[in-house]
Ligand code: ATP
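There is one chain below, alone, in structure tokens, taken in the form predicted on its own.
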Amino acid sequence: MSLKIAIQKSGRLSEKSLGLLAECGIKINNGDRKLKAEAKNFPVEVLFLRDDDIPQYVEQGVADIGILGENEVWEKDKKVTVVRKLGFASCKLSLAIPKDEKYTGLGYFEGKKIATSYPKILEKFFKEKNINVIIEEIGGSVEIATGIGLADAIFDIVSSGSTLLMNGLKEVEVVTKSEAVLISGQSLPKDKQEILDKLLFRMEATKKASENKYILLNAPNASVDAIRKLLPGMKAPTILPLADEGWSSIHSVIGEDDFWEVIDQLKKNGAQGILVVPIEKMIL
């Protein structure tokens, strides 16, 4: 029995998804780019699909779970459950208009024709704003829609904005933000749910590791109590005596977001020889 997981067959999201599985210790061999591959050391079978097909495959049970952008989950509106946000492949879905146009706010779009590959997301947004628009659904190359007279504006994924500029457009409204998520069908058999739980456990350990650093430092004993308050660790820091009398070595864990601020405070309290080391896995 294996858990079937659908991921995008090519592109940045595919690479990130395979990278996540690798970080979880799952070895996938797909050197010849098959559309299906089995893990060597974990009961997982990977299906390589178009990202916009993944919600349907998961809903129908062809795949048990899937990794894709949350925007595709919203757009396809299938009966699937978002199990976990994965923290990568972040993007925004924005409205853009010709760069020479004067933008006056959302009211600008009243009666305008907007080209997009995400008509459901766009329709819901403008319906909530009580603004009437004409939606022109197209499958790709959305950025050229205004230049060829197909639409007055576009709604699409925006990363750096360079593609918009190349096509004479400017971003004027961010409608929503998206990131990669893990989805599942609305009910999994018990044996497959157990495999999924093991996978989620590994993902959590990997995520926690990426958010924290292991820190080692030397400090005078008179400063140990103050430094201990700065470095609570997972439960409490490890404090060991040094060969030099009056000094201790302190080992702990520090959050990535707090790193620089805490480092400054440690130095003010006499900490020396500070080493900060990446954590590969973190089990709480």
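Numbers for residues come from their place in the sequence shown, where the first is 1. Quick caveat, the model's predicted, so the values are computed rather than measured.
The form predicted in complex with the ligand exists for this protein as well; it is not shown, and the discussion that follows is about that form.
Chemist: Which residue, M203, L150, C91, V175, is the contact with the ligand in the predicted complex, using a 4.5 Å heavy atom cutoff?
Modeler: It is C91.
Chemist: In the predicted complex, which of the listed residues (G273, G11, G25, G19) lies with a heavy atom within 4.5 Å of the ligand?
Modeler: By the 4.5 Å criterion, the partner-contacting residue is G11.
Chemist: Okay, which stretch from 221 to 229, 39 to 47, 250 to 258, 66 to 74 lines the ligand in the predicted complex, with non-hydrogen atoms inside 4.5 Å?
Modeler: In short, 66 to 74.
Chemist: I'd like to know whether Y118 contacts the ligand in the predicted complex, with contact meaning heavy atoms within 4.5 angstroms.
Modeler: Within the cut-off, so yes.
Chemist: Hey, in the predicted complex, does I157 get a heavy atom within 4.5 angstroms of the ligand?
Modeler: Yes, I157 is a contact residue.
Chemist: Going by a heavy atom distance of 4.5 Å, is D52 a contact of the ligand in the predicted complex?
Modeler: Yes, D52 lies within 4.5 Å of the ligand in the predicted complex.
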